[in-house]
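Okay, so here's just one chain, in structure tokens, the form predicted on its own.
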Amino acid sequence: MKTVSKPTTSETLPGGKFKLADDLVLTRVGYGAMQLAGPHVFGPPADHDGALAVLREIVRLGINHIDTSDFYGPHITNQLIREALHPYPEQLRIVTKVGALRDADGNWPKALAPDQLRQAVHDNLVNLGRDALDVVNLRVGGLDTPEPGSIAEPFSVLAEMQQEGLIKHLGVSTVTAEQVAEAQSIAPIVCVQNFYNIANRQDDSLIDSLAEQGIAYVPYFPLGGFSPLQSNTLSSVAARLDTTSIAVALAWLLQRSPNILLIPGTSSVEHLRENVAGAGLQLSEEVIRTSGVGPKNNE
């Protein structure tokens, strides 16, 4: 398959880097900051200093891609990122998302009205300590499934804020291929963030289409939604390779397509290092062919 952008080599991180735009070259192994907040992504972490240590280790490892949102906590993860890393290293890029809120019960109600989106962008700017946000994803679907319908109105709000200089690049999250195309008719996008992993490959065609356009695909829940049989298969492959199921799942995603970027999250420095090492696992063609975990459209 012809791709517009290919990963570069990296001496320290698996998968190298992927160029989303001239000023946006991200390590394919990134970090998702959601787990830095308290239980159920609500309130402060039990170990404040430990959360800061994780963020500083991210930079030390050479990761330049942090995924976050101001509704994590709410506000907590962005405030931790600012406390740990501001003034930010020149190469660091922070990707955030808008389109939801946290209510008093810890739920995630949608927040797609124009005034809510504008407030969310400004909250991210304040809590991260930025004059402009590197990337803002518009999250429009359910917990892990897109919902049909037009996204033109909320996406246009972010496109306007991009024109105002408050956002550098735009992306979309939990969307269909049709919604991706609709967003692109309004303004360029650099990434799509959807639910995808070894067991949930409904986006195979979308990933290939985005790869041809040089657009990044960022899967969340790399180990989510597995059936017992699928979990057993993954565990069996991990046992054959003397590694962990998480390592196999992350490595498979990196090998699935050059435009896939990983954002595994953790609140532990040790677990962070394990995730990075695990993503570097090389799955042979024989393992992919015989394990039942290979991409359906590439078999």
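We number the residues from 1 along the sequence you see. None of these values were measured; they are calculated from a predicted model.
One more form of this protein exists, namely the form predicted together with a small molecule; it is left out here, but the text below deals with it.
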**Request:** Determine whether any heavy atom of Y72 comes within 4.5 Å of a heavy atom of the small molecule in the predicted complex, and answer yes or no.
**Result:** yes
**Message:** Taking the small molecule as it sits in the predicted complex, is E274 in contact with it (heavy atom to heavy atom, 4.5 Å or less)?
**Reply:** yes
**Request:** Answer yes if any heavy atom of L223 is within 4.5 Å of a heavy atom of the small molecule in the predicted complex; otherwise answer no.
**Result:** yes
**Message:** How about Q179 - does it come within 4.5 Å of the small molecule in the predicted complex, if we only consider non-hydrogen atoms?
**Reply:** no
**Prompt:** Every residue in S173, Q193 and I263 with a non-hydrogen atom within 4.5 Å of the small molecule in the predicted complex?
**Reply:** yes
**Prompt:** Exactly one stretch in 234-242, 56-64, 25-33, 43-51 has heavy atoms within 4.5 Å of the small molecule in the predicted complex; which is it?
**Reply:** 25-33
**Item:** Sole residue of R93, R82, H169, K97 within 4.5 Å of the small molecule in the predicted complex, by heavy atom
**Value:** K97
**Request:** With a shift of at least 3 angstroms, figure out whether the C-alpha spacing between L55 and G225 grows or shrinks in the predicted complex: closer or farther?
**Result:** closer
**Request:** With a shift of at least 3 angstroms, figure out whether the C-alpha spacing between V29 and G225 grows or shrinks in the predicted complex: closer or farther?
**Result:** closer
